[in-house]
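Here's a solo chain for you in structure tokens, the form predicted on its own.
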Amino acid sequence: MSHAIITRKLSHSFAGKQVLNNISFEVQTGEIFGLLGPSGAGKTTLIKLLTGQLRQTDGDAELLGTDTRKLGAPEHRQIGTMMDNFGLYERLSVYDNLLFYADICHVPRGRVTEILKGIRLYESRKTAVSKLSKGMKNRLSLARALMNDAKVLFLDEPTSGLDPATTREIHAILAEQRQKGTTIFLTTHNMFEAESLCDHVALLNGGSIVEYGEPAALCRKYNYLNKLRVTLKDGEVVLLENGSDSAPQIKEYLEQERIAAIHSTEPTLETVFVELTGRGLD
């Protein structure tokens, strides 16, 4: 399996303050990788290091097989970035924003219409960016990141502050990109987003990775209670051991048609994060 991103003991400091400390992980080609952490954990700094906007204090990182300290135009043409509406011009229309970017990056102008239709912004193509909602601005930023048909997408909190409907739209677009083989590096503090989208996640706290793995596997790993929570139709909640000894009781409930729902007690990524760090993801 090839890797789109590799880091080895990557560290970075600002004015003597350690922002990232010995970061090591690998992102496989074609996967969605989630970096979870609260504001100030170092997520945006890591993206800037991986895209060559900053140089690390120590350690190594590779993007598409190239040292991130040596990234040039050929590599930058293969990546797309979405960082807090960066690069949007408020007075220009939706269409002209992308046209301007297409000309700079030598992308055929016909790609603008294609991407606007794909991102469901074509009907608003003549609208000035200043008049767009936050959700539409986020979609436009994502459209900009997708313009050059990038091999790797870096998305910094792409759904932060959005309503559920817009969030679902962006999730669907990201899933489509993954099916095309695009590698997606996603930073978020939304545990539902990470659990539903990501193949692997790294939990970042205080500049260090405190845990790494598949979302479901991490939840199982920290499932110390290991119970079945059975909710009966009368509202009663029964906790049973997650094993064969509970089968007769569950069978009885089923025969009596008393069960409303059955769930395991495994934690969410957010509760795992709180257990490991003592703080939440917000």
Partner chain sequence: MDMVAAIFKRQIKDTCKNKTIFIQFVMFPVLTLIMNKAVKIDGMPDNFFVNLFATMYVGMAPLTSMAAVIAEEKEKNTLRVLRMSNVKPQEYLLGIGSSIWLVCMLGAAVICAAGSYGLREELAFMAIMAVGNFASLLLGAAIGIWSKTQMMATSITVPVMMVFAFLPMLSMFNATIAKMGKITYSVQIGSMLERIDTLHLGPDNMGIVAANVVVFTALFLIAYRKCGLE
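In this text the structure is predicted, and so the values were computed from the model without any measurement. Positions refer to the first chain, counted from 1.
The discussion below concerns the form predicted in complex with the partner chain, not included here.
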Listed residue (R120, H76, H171, K134) with a non-hydrogen atom within 4.5 angstroms of the partner chain in the predicted complex:
H76
Residue within 4.5 Å of the partner chain in the predicted complex by heavy atom, from I209, L197, L99, L146, is L99
With a 4.5 Å heavy atom cut-off, would you call Y89 a contact of the partner chain in the predicted complex?
yes
Consider I104 of the chain shown here, and say whether it contacts the partner chain in the predicted complex, taking contact as heavy atoms within 4.5 Å.
yes
Any chance Q53 has a heavy atom within 4.5 Å of the partner chain in the predicted complex?
yes
Can you tell me if K180 lies within 4.5 angstroms of the partner chain in the predicted complex, counting non-hydrogen atoms only?
no
Among 76-84, 111-119, 157-165, 187-195, mark the stretch whose residues have heavy atoms within 4.5 Å of the partner chain in the predicted complex.
76-84
